[in-house]
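Presented as structure tokens, the chain that follows is alone, the form predicted on its own.
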């Protein structure tokens, strides 16, 4: 895998992030963090904040770096490549959603993120939480499973209401009694946030604006999955060259070569769709279909690649002594966090065929 499809600035950022994670992330480290009480190392979180990764695409007026979504995607990709677990991806998604909605209404929360705070985005893909107008505000119903919601400083709610959406931010401390930690398939921490009866004052958002803000935020999850795809392909190719059977490396067998070829094709499909979506997701583009396609392609490719990698590795990668098992679990977990596949395909059909959005076809 190469970074030839990145700009010089993006390639430098990717190189820096990859070197940072490579310096300490291995299977032993990931296993230790997964078993730790907090789930991640605060010292590493502080380092990532000092590097500016949590605010790479936030406006300069709130203390961000003023970078592009593609640059945030580079950080997310290296995060996914390392199978690293922390609130980084959630914070990037929450900050991106608020910055896309713009208007200065959320500058306080964005400034806290830029200053080293963490945030969790509550926007369940299958709309398991809804807001209803009540008095001068909104009353919420439903619940959602959210990554790192218990460990974050701020919670960003972007929810559908009747005919529009609403957005509000709350201190996570105000929601602690509503959070129940639940087991996660992978090494990311998750919690169930029950919102029945919660009343809040929220800003009404046009459906198109909310859809676009979520599309940009979800592209960062797609980027993380692309990074995971690339890491697994590289590990599998390396193993195929090192593992000897019947007097030769297993990569010399045609069946293994076919496996590796299919993995490369799947990784390329995910990467190209994600890069195209990141490039087109400029502010005010209001084009969400390509982002939905990128997220769907990345989720499918990541799962396909880890399943094939398990065959190339002879099942070794599914057990805890090999780093591949983190990708094996994260692939399905990250795909599931995108919601029901049938619903996502229906949304893509609505955008591309019914609304004839964008220039994809």
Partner chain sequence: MKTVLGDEQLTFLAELRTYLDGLDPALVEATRAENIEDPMQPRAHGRRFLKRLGADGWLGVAWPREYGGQGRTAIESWLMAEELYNRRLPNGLLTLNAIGPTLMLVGTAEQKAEYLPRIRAGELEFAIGYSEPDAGSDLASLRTRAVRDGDGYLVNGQKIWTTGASVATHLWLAVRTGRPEQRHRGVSLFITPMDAPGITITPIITQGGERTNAVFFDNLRIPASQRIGAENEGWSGIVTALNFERMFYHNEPRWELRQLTDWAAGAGLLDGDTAEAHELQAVVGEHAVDVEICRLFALRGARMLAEGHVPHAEASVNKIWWGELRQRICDTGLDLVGEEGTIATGSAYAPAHGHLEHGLRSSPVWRFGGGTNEIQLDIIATRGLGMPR
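Positions refer to the first chain, counted from 1. This one's a predicted model, so the numbers in the text were calculated from it and none came from an experiment.
Same protein, other form: the form predicted in complex with the partner chain, not shown, and the subject of what follows.
Checking 108-116, 136-144, 69-77, 209-217 against the partner chain in the predicted complex, the stretch whose residues place heavy atoms within 4.5 Å of it is 69-77. For the marked spot (61, 104 and 130), a heavy atom within 4.5 Å of the partner chain in the predicted complex is absent from each of the three residues. Site annotation in the predicted complex: the residue of 94, 290, 149, 226 reaching within 4.5 Å of the partner chain with a heavy atom is 290. Comment: the partner chain is not present in this chain, but in the predicted complex one of 201, 181, 265, 162 has a heavy atom within 4.5 Å of it, namely 265. At the 4.5 Å threshold, heavy atoms of residue 121 stay clear of the partner chain in the predicted complex, well away from it. When the partner chain is considered in the predicted complex, residue 271 lines it closely, a heavy atom lying within 4.5 Å. Taking the partner from the other structure, the partner chain in the predicted complex has a heavy atom within 4.5 Å of a heavy atom of residue 297.
The partner chain is not shown here, but in the predicted complex it comes within 4.5 Å of a heavy atom of residue 261. In the predicted complex, the residues of 237-263 lying within 4.5 Å of the partner chain by at least one heavy atom are, in order, 237, 240, 241, 249, 251, 252, 254, 257, 258, 260, 261, 262.
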